[in-house]
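Okay, here we've got a single chain as C-alpha cells, the form predicted on its own, with questions on binding and movement later.
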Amino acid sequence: MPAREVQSAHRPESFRGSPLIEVDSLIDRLDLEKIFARRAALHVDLGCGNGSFLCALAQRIPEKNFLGIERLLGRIRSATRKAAKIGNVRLLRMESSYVVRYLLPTRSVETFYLLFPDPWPKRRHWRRRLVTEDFLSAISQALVENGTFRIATDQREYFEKMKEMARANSNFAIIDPSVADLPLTKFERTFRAQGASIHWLELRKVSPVR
C-alpha cells in the first residue's frame, strides 16, 4: 500500500460534507471504500440513536471506519450533527435488518454493535424483534472471519433467547464480553441509575465444523 494511502487509513481528516449517506440503489451493495474515501476496518452500530456512542467510539479509534444505522428521523438528525466533523463516521437512515441483509458487502464488517434493541417483551410481539435466526445468519455473512457481534440488553428473557439462538448457529462462538473499552450509551446510563442489570452477549464468527 502506498505511503499516502497508509496515512489516510489511520489519520482521517475532518469531514467536510454531510456524514449522512444517500444511497443510489436499494439492491446494490455499498461501496465502502468510496463512502469513507479510504480502506479501513469497518464497525457498524445498529440502531445508533442520537450517535453519542458511535461518535465517542469513533473518536477513540480513528484508524477504523464507523457506520451508524438508524431509522428514526429525529435521532438521525442528532447523530448527523454530532458526526459532522468526525472524519471516520458515516450514517444511514434505514432499517438495520435491511442494511445487514442487502446492502453490506459479504465479509466487510469487523464488529457489529446492537445496544439495547427494542425488547418487545409481550410474547405476541416477539416476531417484531430484530434478532432472529435469519438475522444472525445475515450478520454472519457480513462479518469478516473472527469478526464480532456485541449485544447489550436490560431484558433477561430477550438475552437468554438471543443466547439460545447463537448456540444453535454453527457460525458463531459465544465468548466472554469485552466491554470495558466501550463508551456508555444513553440507555445504559439510565438503566444503571435505575439499578437494572445489563446483560452482554458477544459472538465471534467462526468456521463451522464440517
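One rule holds for the numbers: they count along the sequence shown, beginning at 1. Model, not experiment: these values are computed from the prediction.
The form predicted together with a small molecule exists for this protein as well; it is not shown, and the discussion that follows is about that form.
In the predicted bound form, which of the stretches 101-109, 68-76, 83-91, 136-144 has residues with heavy atoms within 4.5 Å of the small molecule? Result of the contact check: 68-76.
May I ask you to state whether F187 is within 4.5 Å of the small molecule in the predicted bound form, using heavy atom distances? Contact check for F187: yes, within 4.5 Å of the small molecule in the predicted bound form.
Please run the contact check for C55 against the small molecule in the predicted bound form: heavy atoms, 4.5 angstroms, yes or no? No, no contact at 4.5 Å.
So, in the predicted bound form, is C48 in contact with the small molecule at a 4.5 angstroms heavy atom limit? Contact check for C48: yes, within 4.5 Å of the small molecule in the predicted bound form.
Within 4.5 Å of the small molecule in the predicted bound form, all of E33, A41 and E63 (non-hydrogen atom): Contact check failed for every one of E33, A41 and E63.
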